[in-house]
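First, one chain by itself in C-alpha cells, the form predicted on its own.
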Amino acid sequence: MKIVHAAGELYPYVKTGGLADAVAALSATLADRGHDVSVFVPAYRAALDHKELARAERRLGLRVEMGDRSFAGDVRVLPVKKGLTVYFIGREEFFDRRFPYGNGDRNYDDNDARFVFFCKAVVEVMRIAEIRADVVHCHDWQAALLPLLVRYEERRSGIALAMKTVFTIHNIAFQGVFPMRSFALTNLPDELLNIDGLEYYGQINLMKGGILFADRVTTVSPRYAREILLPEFGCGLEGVVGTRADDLVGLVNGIDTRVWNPAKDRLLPAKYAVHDLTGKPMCRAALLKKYGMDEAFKGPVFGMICRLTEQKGLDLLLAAKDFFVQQDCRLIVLGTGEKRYESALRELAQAQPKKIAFSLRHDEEMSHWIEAGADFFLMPSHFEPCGLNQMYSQAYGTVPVVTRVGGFIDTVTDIDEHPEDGTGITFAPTAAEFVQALQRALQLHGQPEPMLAVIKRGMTRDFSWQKAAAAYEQLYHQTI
C-alpha cells in the first residue's frame, strides 16, 4: 500500500511526547513490511538543525491560500530508507521556533494559521508530487483538517488523492479550538461551519473535523476508545465521538525496539537482557551516582519521566511527598511543564538532596538511564490514552506503578490480582490509593525472588511495533 502519515511531531526530529515516538515507529515498521510510506511534519527549528537534514533536498516551493491571502512555503524531502520518505513542510514565519506549540506558559496565538497552513501544504504537495495514497493517516488536532481538505481538493481539481482517510486521537484533551474567525483560513464551504461541521460552542474545533470526516477513527488503546465515549474522559467531544462509534477502534501502540531495547541500547552505561541481568544494577548505580546519591543504596529507586501537567498526576505525586521523605527510598523525576509543578518539585529536591532529584529538562539519554536504573516507574496519570513508558519499563525490567485508566489497563497486569502473570502495580487515581501502591512497591522490593519473577515476566512481553503495525495493516485493508 501507499500510505501517507501527517503529524505535528516526529522522532528523532522533534518530540514533545509519545506522539512523536508512535508516528515514527509505526511509519518505519510499515516501510519495513513492504509499504510505500510518506510522512509529513512541520519543519521546526529543531528538525532543521537535526544532522540528518543535511541530506534533505529542497525540492518544492509552495503557494497556499488561506482566506484572501496566499502564503509561500517550501518542502524538504528526506529519503530515510527504502520505503520511507519524510517531507518537512517549511515556512519560517510559522515553524522556525524553538518550541512546536507554545513557549511552556501558553500556546502560540497563531497556532490556527500554522496548522491550517500545514494541512493545506500536505494536500498541495500530494497534488504537485502526484502522491496517490491508498490511506492518508492523520494524527491529532494538528493534522485533523486533512480528511476534509483532501476531499475538498479532489472535488475542486477533479483528481484522486486518497482512497481512504484515517484519523487517530492520541489525546482528546488537546483539540485545536480556535475563534470562529479562524474558519476563514480554511477556505472550506460555509455549510461546514455548523453543529454538524467544525463549529463548537461558538468556536471551531479542528479535532472535531477529523472525528466527523475521516473514514475511520482510531485511538491508541481499546480501553481509551471506550472511555472517550463518556463525559469524564471525552473532554466535551464524547457526543461527537459517539456519532462515529461504529467506525471507532482502539489499537495499542507499540514500542520501537530498535530504540528501546536494554540489550542493544547505546545510551546506557551497561547493557542487559532477561537471560543476563547483570547490567541492570550497574545502570542503577550509575543513575544514583549521576544525581549525587549513594550508588550502593539498597532500597528501592522510583523513577518518573513526563510532562509536568495535571493529567500526569503531579498532584498525586506531590501529595505523597511524605512517603518519599520518610521511607528508605529514592525518587528521580525528569521533565518540564507547568511552572507550579516545576517549582514544587524543585523545592522538594532542594529540601531532600540525598533522597530526591529533579531534572527540569527534556533529555533523551537520561530518559533511558532512568528507565534502566530505576526499580519502579511511576505513572499516576488521571487519564492516559495509551502511554509508552509503562511498556518501556517492562522491557527494561522496571516495574510500572500505574493508575487503572486508559492504555495502562490494556498493557499492565496487576501482581496482586494476577499473581502468576502480573507485571506491575495498578491503583485508582487518588492520593490514598497512590500511597498504598507505593507501599506495595516497598513490600515487593523487599522480596527478591517475587521481584525477580515480576521483572522477567515484564521483559518477556511483546510490545513491539511489528504486532501493532499488523493491526494497523488490517485496519487499512478493512477500511479500503
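What you are looking at is a predicted structure, and each value in this text was computed from that prediction instead of being measured. When you see a residue number, it is the position in the sequence shown, counting from 1.
If you look for the form predicted together with a small molecule, you will not find it shown, but the lines that follow are about it.
Participant: Just checking whether residue 461 would be counted as a contact of the small molecule in the model of the complex - the rule being heavy atoms within 4.5 angstroms.
Facilitator: No.
Participant: For residue 364, is any heavy atom within 4.5 Å of the small molecule in the model of the complex, or not?
Facilitator: Flag for residue 364 set to yes.
Participant: Any chance residue 389 has a heavy atom within 4.5 Å of the small molecule in the model of the complex?
Facilitator: Although the small molecule is absent here, residue 389 would touch it in the model of the complex, with heavy atoms inside 4.5 Å.
Participant: Should residue 335 be counted as a contact of the small molecule in the model of the complex, where contact means heavy atoms within 4.5 Å?
Facilitator: Result yes; residue 335 sits at the interface with the small molecule in the model of the complex.
Participant: Which pick from 149, 135, 374, 306 sits with a heavy atom within 4.5 Å of the small molecule in the model of the complex?
Facilitator: Going through each option in turn, the one that passes is 306.
Participant: Exactly one residue in 311, 261, 352, 111 has a non-hydrogen atom within 4.5 Å of the small molecule in the model of the complex; which is it?
Facilitator: Answer to the contact question: 311.
Participant: Based on heavy atom distances of 4.5 Å or less, which listed stretch (184-192, 321-329, 381-389, 150-158) is in contact with the small molecule in the model of the complex?
Facilitator: Residues of 381-389 come within 4.5 Å of the partner.
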